[in-house]
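Here's a solo chain for you in structure tokens, the form predicted alone.
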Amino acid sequence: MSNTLDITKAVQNLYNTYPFPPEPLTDGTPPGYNWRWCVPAAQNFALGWVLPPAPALHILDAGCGTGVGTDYLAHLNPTAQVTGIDLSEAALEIAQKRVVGSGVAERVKLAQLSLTDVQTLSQQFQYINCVGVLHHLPNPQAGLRALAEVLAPGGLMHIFVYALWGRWEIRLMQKAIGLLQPAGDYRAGVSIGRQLFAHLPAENRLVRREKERWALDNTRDATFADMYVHPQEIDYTVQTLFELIQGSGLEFLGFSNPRYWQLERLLAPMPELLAAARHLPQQQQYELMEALDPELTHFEFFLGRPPLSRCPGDETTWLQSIPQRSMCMMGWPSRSLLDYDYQPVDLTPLEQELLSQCTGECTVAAVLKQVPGATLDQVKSLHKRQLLWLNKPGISPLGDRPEWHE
């Protein structure tokens, strides 16, 4: 691509040809939840507690595509006004039908707009969702800076970008298709890619990787095109990711897939190496995990715009804060349920009783008095597992959880 305008137009043409994501339209509430799109859950994870609700909560879905995330953002934050922007008019047409069918159209505004022109909305947002977009921009640094300018002080942003090492085979197939595909003919690119996968030897590394990881999703042409015939993609390593963040003026608040980033996951059988790894600076710990397990295909993480109101974590603050069961879990009040990340959890009887008292109506100190034998450490354990949220002292109860189909 010769310049920024050419790249932007090429990306727009791809998504007008194959609107993405290709999820079917449904009537009513979308199924389940994604905790990263629930603002209180994101605050609890990234800051340690839930902040008092903003008088008017404004959320931006930057690169909303066909509106799948936009729909969830509206349902999981029932008082929010949600703005979705995208380059593709074909995708936005589907997004509009989606939010009408799910009943949230009155709280959703959609606009055909480049992410780098987001300041023209003349709006500040307390929460920004930007999934699968920055790595398709001609200048991701400029895109992130543009988003940072419209993020309200104290606000959070959730980002998803591609990781280099886990997409090695994808990059090679992209190159092969690009060499054979007529310029700008994305339907031809899909056809070429499918022929290659069908006729290359079964033991071919690219074929094996496709069958192992992607084939089920890639039965849909839109998903196949997004993966293999995209005209613009920048993949990141831990090092280049933090270089991207450094120029934004935003603060890194943690990866939102924390299980991958646990040193113990790979180093627990080697206690001396685990101890040495824990003494490394945080970024080098991440680089170590990336090097030892290069299956990672993307980075997902939270950023915040200072000043940020973090939970100080002292015992007095804990006891004065107000605990509330997470709205992002399934199966409650059973002792066997699914947590915020759809992972199975088996509660002890004491943990179940503690959660039953965490209704957002009284302090941690009062809850501990109501549950004989319970300790602050047990409350902290439930909080660490994101089964309960810690509301900042003085916060009004958040009320009932949003409705969703289980």
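Remember, predicted model here, so these are calculated numbers, not experimental data. The first residue of the sequence shown is number 1, and the count goes up from there.
Separately, the form predicted in complex with a small molecule exists; it is not shown, and the next lines address it.
May I ask you to state whether D86 is within 4.5 Å of the small molecule in the predicted complex, using heavy atom distances? Contact check for D86: yes, within 4.5 Å of the small molecule in the predicted complex.
Any non-hydrogen atom of G132 within 4.5 angstroms of the small molecule in the predicted complex: G132: contacts the small molecule in the predicted complex.
Can you work out whether G65 and the small molecule are in contact in the predicted complex, taking contact to mean some heavy atom pair no more than 4.5 Å apart? Result yes; G65 sits at the interface with the small molecule in the predicted complex.
Indicate whether the small molecule has at least one heavy atom within 4.5 Å of a heavy atom of L164 in the predicted complex. Residue-level check for L164: no, no contact with the small molecule.
Proximity to the small molecule in the predicted complex (heavy atom, within 4.5 Å), stretch among 133-141, 101-109, 325-333, 202-210: Heavy atoms within 4.5 Å of the small molecule in the predicted complex occur in 133-141.
Exactly one of S248, Q81, Q174, S114 has a non-hydrogen atom within 4.5 Å of the small molecule in the predicted complex; which residue is it? Looking at S248, Q81, Q174, S114 one by one, just S114 meets the 4.5 Å heavy-atom criterion.
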